[in-house]
Ligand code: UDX
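First, one chain by itself: the form predicted alone, in structure tokens.
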Amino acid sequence: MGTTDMGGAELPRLTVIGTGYLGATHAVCMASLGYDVVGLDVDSKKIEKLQSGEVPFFEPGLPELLAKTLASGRLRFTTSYAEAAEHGDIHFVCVGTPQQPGSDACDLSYVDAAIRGLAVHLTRRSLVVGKSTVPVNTAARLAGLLRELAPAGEEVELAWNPEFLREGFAVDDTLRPDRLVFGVTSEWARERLAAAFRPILDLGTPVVVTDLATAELVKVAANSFLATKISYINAMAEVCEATGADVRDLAKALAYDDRIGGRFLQPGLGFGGGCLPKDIRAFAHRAEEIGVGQAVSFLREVDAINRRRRSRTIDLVRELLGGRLDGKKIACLGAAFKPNSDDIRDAPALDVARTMHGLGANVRVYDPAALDNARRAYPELRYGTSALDVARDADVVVLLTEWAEFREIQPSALAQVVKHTRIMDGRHALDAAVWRSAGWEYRALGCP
């Protein structure tokens, strides 16, 4: 039997297929709202960790919520599709959709495997809900696959409910989202989704009810817009560097225009992570497949501008060092693609550090959360235990991820350990005037 809400209505029982970043967060948060949740993954080590109360990635607030929901008895984990199918009225598919090796296309093998693994055990009416980011029109194909493979046949429906999680804020984004999108093909599916999100809807959260294709497009459209905005201000930084203008003042002036706004208008090293880069590439690739490649061809340039920021950062470090990197001691502050995360997928920080190492520099890296992941991925780099540790005797300090602890470093404290007071601020995270007045040679992208 399912649990009941405060109004006495029975809550649907939920399963979450895939317990990576999205799936684990979704399972824990839904259980915290009172739902009876089973999380499934084919990776038994991941399941053992979660069942024992350990979150396998860094996300503020999630470990405490996992402990609480496990103790409540409303959350458990399994590797059995049969168990998940038996438990769930609504099944959320939250598996990864990485970029295919050697291609910009999206790898749908995990999504297909999840649908196939679940479908053969679906013997009663149920709703399967995709949350993974997929190329448009994938859902229609998966709906056909479900009907074909599930013993319950037409009784099994597919809906799409894209996720909008920001790493570092995922718990809040799940429990208090700025909107929900329901891609459905029937009123029954809409009602089931509404039941699955009742406590969130009761907060007054806006809902867009639409078709499957539109729901699939929302996430990639949102990410493409954000990527474009970030690359736009970085393109302006390139212009500023060529003209002696200051991109920080330019961004500030643009931000006062309420048609533009200041969010994501932050010049610097550019975007990375497991979403924006692969999503815009997969979107452009899919648009070409369906004959509308020209409509989003600008995304190729958005990607190119973003990549150029990395090489330009290294150029500025080289300039600070008098024209050569080889043999120089370089302190790199940051490894994760953004603060409050241990995610190093397509991380600009590590890309810059690795490239400088390859050019003969003596590079040392520190990050508050991502060091274990960085060591596994790039064992050739050297790592330290703190910002001051990696900065000892450094010829230059390079800030690559804008963690709060790096923003708060005192120029005088850092000056005591470095060999030369030179800093390259790859994220516009520091107050240039403060550092310069403390005797530091300060450089940043797009600034004179």
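Fair warning: this is a prediction, and the values are worked out from it, not measured in the lab. One-based numbering along the sequence shown.
Another form, the form predicted together with uridine-5'-diphosphate-xylopyranose (UDX), is not on view; read the next lines as being about it.
Of the heavy atoms in Gly272, some are within 4.5 Å of uridine-5'-diphosphate-xylopyranose (UDX) in the predicted complex. Contact annotation for Ala245: none of its heavy atoms lies within 4.5 Å of uridine-5'-diphosphate-xylopyranose (UDX) in the predicted complex. uridine-5'-diphosphate-xylopyranose (UDX) is not shown here, but in the predicted complex it comes within 4.5 Å of a heavy atom of Gln266. uridine-5'-diphosphate-xylopyranose (UDX) in the predicted complex comes within 4.5 Å of a heavy atom belonging to Leu276. The candidate spot formed by Arg312, Arg318 and Met424 is out of contact with uridine-5'-diphosphate-xylopyranose (UDX) in the predicted complex: none of the three has a heavy atom within 4.5 Å. None of 325-333, 149-157, 225-233, 183-191 except one has non-hydrogen atoms within 4.5 angstroms of uridine-5'-diphosphate-xylopyranose (UDX) in the predicted complex; the exception is 225-233. Proximity to uridine-5'-diphosphate-xylopyranose (UDX) in the predicted complex, taken as a non-hydrogen atom within 4.5 angstroms, holds for one residue of Asp303, Asp342, Glu167, Asp351, which is Glu167. In terms of contact with uridine-5'-diphosphate-xylopyranose (UDX) in the predicted complex, the residue from Arg74, Arg364, Lys338, Lys131 that brings a heavy atom within 4.5 Å is Lys338.
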